[in-house]
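Given as structure tokens, the chain that follows is alone and in the form predicted on its own.
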């Protein structure tokens, strides 16, 4: 125990002397939260649309005003198609709606249901998501206007009336799951990126040879690396939760005890990945590159934080099954928004525990107590 405590003390001193550890543990989360809170927005966006109205009907003029009053659309009126084409090419507008001169006539005759009163919607396909927004907004505004206009008598009566109710995130605020999910990115960086350097640094600096000449055993070295970074990670976790709940006012509906418990299990798993990389490679540069490739990028791209897993190709859907951040993000988003679901808690905790133990054994087996020839 004295040997272990001495190694832990040595590692803590190295952490405190290393500015990068403090930056990743405390400054990086703050920067990450600021980016995800104010720089990343997955909610509906406001787009600029051009309007060309060839119908002089007063009723159709109210349709044009509907585009201007929408909170999702910034409308600009145009008199000819050439100006619209030029504005789209120069990215001044993201799309256009053209109302033909016989639009109101067809609606008055009741042809809007049977034969169709056409609206031309033009979108800039160079930005696929924005093009979808333009199309959806134009259809939504036109349909809402039609329901409230004098032409509604020509509409068939709907057989089914739908009432939409949103659970867990009624405001449909994407920050409520993106900001808590970013905690997983920070925890991954602490667990994998920092620890991927610690054993490699010992070999490069020659301090590992000094340790091997003492009574230190493999278990002492492994635990001497695990425990200090586990403490650093949990302190950073507390700091992250404080930023989420108190500073950025993200609602939390779950259990703080289970949040820190399963976060500890995830951190234990991440530490295992980082230490295994460091043990196998023994080179700080290579270890950092591999850690970024195997840790940070999958946590950001394949965990379900930014992109739904169900929309990924089948191969990558299966690949995400072995990525620990996928299970942690699923848990932490559920804990923040839904108040915690026992099935999600147990399944994710079980997987992370099993993987963490496997990695701990692998680190123990790969840590050498002799010099290579």
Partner chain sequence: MIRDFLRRVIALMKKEFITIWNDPKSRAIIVMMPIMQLLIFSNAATMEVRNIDTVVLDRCQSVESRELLSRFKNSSRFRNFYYVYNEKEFQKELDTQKVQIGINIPNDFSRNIKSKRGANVLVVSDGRQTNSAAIGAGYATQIISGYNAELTGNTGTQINPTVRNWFNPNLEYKWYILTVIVAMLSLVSTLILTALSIARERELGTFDQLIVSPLSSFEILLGKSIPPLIIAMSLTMIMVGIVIAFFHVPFNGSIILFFISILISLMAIVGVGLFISAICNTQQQAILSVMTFMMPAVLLSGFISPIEDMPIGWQYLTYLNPVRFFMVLSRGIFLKGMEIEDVITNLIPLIIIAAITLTLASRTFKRKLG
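Take the two forms, find the largest set of C-alpha atoms that superpose within 1.5 Å, and that set is the rigid core. Owing to the predicted nature of the structure, the values given are computational and were not obtained by experimental measurement. Positions refer to the first chain, counted from 1.
The same protein also has a form predicted together with its partner chain, omitted here; what follows describes it.
Screening 245, 258, 235, 120 for any heavy atom within 4.5 Å of its partner chain in the model of the complex leaves a single hit, 120.
Only one of the listed residues (322, 346, 61, 35) places a non-hydrogen atom within 4.5 angstroms of its partner chain in the model of the complex, and that residue is 35. Stretch-level contact analysis of 100-108, 235-243, 249-257, 267-275 against its partner chain in the model of the complex, using heavy atoms and a 4.5 Å limit, identifies 100-108. The candidate site formed by 76, 79 and 148 is entirely out of contact with its partner chain in the model of the complex, as no residue has a non-hydrogen atom within 4.5 angstroms of it.
Contact check for residue 24: a heavy atom falls within 4.5 Å of its partner chain in the model of the complex.
Heavy atoms of residue 20 reach within 4.5 Å of its partner chain in the model of the complex, making it an interface residue.
Its partner chain is not shown here, and in the model of the complex it never comes within 4.5 Å of any heavy atom of residue 50. When contacts are judged by a 4.5 Å heavy atom cut-off, residue 311 counts as touching its partner chain in the model of the complex. Contacts of stretch 198-216 with its partner chain in the model of the complex, defined by any heavy atom lying within 4.5 Å, are made by 201, 204, 205, listed in sequence order. A movement of the C-alpha atom of residue 293 falling short of 2 angstroms is seen between the shown form and the other one when the two forms are aligned on their rigid core. With a cut-off of 2 Å and the rigid core superposed, residue 122 has a Cα displacement that reaches or exceeds the cut-off between the shown form and the other one. Core-superposed comparison between the shown form and the other one: CA of residue 50 displaced by 2 Å or more.
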